[in-house]
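Each of the two blocks below gives one form of the same protein chain as structure tokens; they are labelled structure 1 and structure 2.
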Structure 1
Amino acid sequence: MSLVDSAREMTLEDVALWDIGKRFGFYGSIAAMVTISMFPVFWILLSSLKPPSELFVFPQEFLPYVITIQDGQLTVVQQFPLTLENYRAALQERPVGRYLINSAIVASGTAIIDVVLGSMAGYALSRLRFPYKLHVLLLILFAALLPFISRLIPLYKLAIDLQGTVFGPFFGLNQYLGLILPYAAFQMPFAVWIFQAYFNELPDSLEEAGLMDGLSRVGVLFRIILPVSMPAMATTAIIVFIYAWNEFLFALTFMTQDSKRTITVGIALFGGQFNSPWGIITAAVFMSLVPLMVFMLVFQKKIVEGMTAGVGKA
């Protein structure tokens, strides 16, 4: 082996080592981030499956089963029994199922309104010529900067005043629409912005082709623009849905009847400050997380893509 050859081998080996080190560092960081992000969820799931006798001990057991291999013999030792008792209690003794349904109704309603009205306004602001266009856009975006608390008290007063009138169902206490309409309005600037940014990216030729084929402007909107704006619709719907599912301040104020509470309010008002039923709380919390976890797994690609269209080009 010549000197040159060995030198080259050394280098290649070094490079390979460096590469392995880099890969190790990279996947190690990813694994660490995944662990840090998901550990609380794992812990909530584990706690919800523990019997009360295991919940209130210190130190806590980390795994229900421990597998040991001794003398070629595989033994599984159970550290504590797993129980679904907390889930039964959450669903039967507390209206957690009702809370989840309420949240689903409110969040879906909000998402639908924002997609329909947001796409309309976004289209106008992107594709149509009219006076004061920039001012209108700025006015809509400005609304996003206003704090929610400054809208809470007047809307609450309004809701009380409208109780029992024809407008009660639209904007009263303990009405789904009473939450849906404010939520839709709060997220409207965001929806308009996403649609406007998305429509800006579409080529003009798309509409011209439609007009040449004899479609009216409205026809172009329904036959051409709306079908191709599915990605923006999906992003808006997902993000607005998550917002409405998570909102707390208005839900706490406007839903005073237990049967109308959303899941966030229901869980927040569980138990007292000193004697919290943690077994039931963790079970309810885990149930409220399942839809969100499914959502994230299914839609996160859409969310990142949608943000790219909207925020990235801001």
Structure 2
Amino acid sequence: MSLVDSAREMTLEDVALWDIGKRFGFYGSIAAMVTISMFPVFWILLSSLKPPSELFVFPQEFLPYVITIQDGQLTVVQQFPLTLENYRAALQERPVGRYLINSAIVASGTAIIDVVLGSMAGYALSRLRFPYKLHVLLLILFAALLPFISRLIPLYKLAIDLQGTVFGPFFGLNQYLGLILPYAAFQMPFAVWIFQAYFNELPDSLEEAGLMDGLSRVGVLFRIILPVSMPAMATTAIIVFIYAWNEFLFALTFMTQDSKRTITVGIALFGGQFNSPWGIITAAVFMSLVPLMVFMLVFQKKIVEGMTAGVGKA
């Protein structure tokens, strides 16, 4: 019997079962990916709410309460107590709030610089005609492939040399701009590629109308193109923000004063020489995750639109 004959003999019940199977596979795969992705976050949250005596009990209990059947009745059993003591200790032992503010300033400044300059560079590479445009794009991509650590020592020496000069209070050690500018430079290739790909999707008629009305190229970019490019702006801003928020090595090197440290460095300093307060550390880690999760939830639709725009174009 051929495949065609077999398909003709399928009943409505077979089609319904096939449809149920497809849906089960689709939603089951999504549930599995979400579970695997969110399990570390769930574990961090759970550990931050446990007393220190419960952190290293084996086998690990992942639910504070379970429902069991005892004497034929459903009974709720507590497996371990929940406490906010780790959060209180984290806020008292270290200036976690100051660390979060420093991270927010550095990450926001980096995102703003990359969105402004990345959009201008992306617009030029998308709309203007000049020779070797593809070579310029590849050169920008090559710059993104250089390892960050290879730039650490030259930039650190430059920051030290600026100390004592008129630029020291702005770009030297323990200055926000001294950390923001390297971060912005590292993520600029990524921003340029996102904006260039997104602008390729926009119709030429948008800017032609602006140019006929007497606007300059810069005016067209800021008054016509960018207002309709919110997905690209949101994608660039959020991804650059997350990078700057999570970066550790440069923040540890350039911010030596405790009042200027970012949250990643502050969390690393919770551990002592002979002990590591994992409950307090997990509480600080979860507090650092909350702003990122809120941003991702608020801008998730725009991020997906920006990431999928211009796929396959250069």
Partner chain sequence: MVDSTTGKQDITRIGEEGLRGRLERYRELRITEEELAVVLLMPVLAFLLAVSFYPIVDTVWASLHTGYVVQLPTQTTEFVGIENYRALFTDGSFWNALGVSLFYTFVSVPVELVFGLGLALLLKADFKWKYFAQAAILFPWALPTVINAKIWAWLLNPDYGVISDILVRVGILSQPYPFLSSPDVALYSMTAITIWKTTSFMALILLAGLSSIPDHLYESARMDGASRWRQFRDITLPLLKPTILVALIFRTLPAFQAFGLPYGLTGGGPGEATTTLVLYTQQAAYNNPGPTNGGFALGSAAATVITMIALVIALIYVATLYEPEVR
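All residue numbers here follow the sequence of structure 1, with the first residue given the number 1. Note that the structure is a prediction, hence the values are computed from the model and not measured. Between two forms, the rigid core is defined as the largest C-alpha subset superposing within 1.5 Å.
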Number assigned to the form predicted on its own in this pair: 2
Residue shift check between structures 1 and 2, rigid core fit, F80 Cα at least 2 Å: yes
Using a rigid core alignment, state whether the CA of F62 is displaced by 2 Å or more between structures 1 and 2. yes
Once you line up the core, how about G219: does its CA shift reach 2 Å between structures 1 and 2? yes
Rigid core superposed: how many angstrom does the CA of S48 shift between structures 1 and 2? 2.7
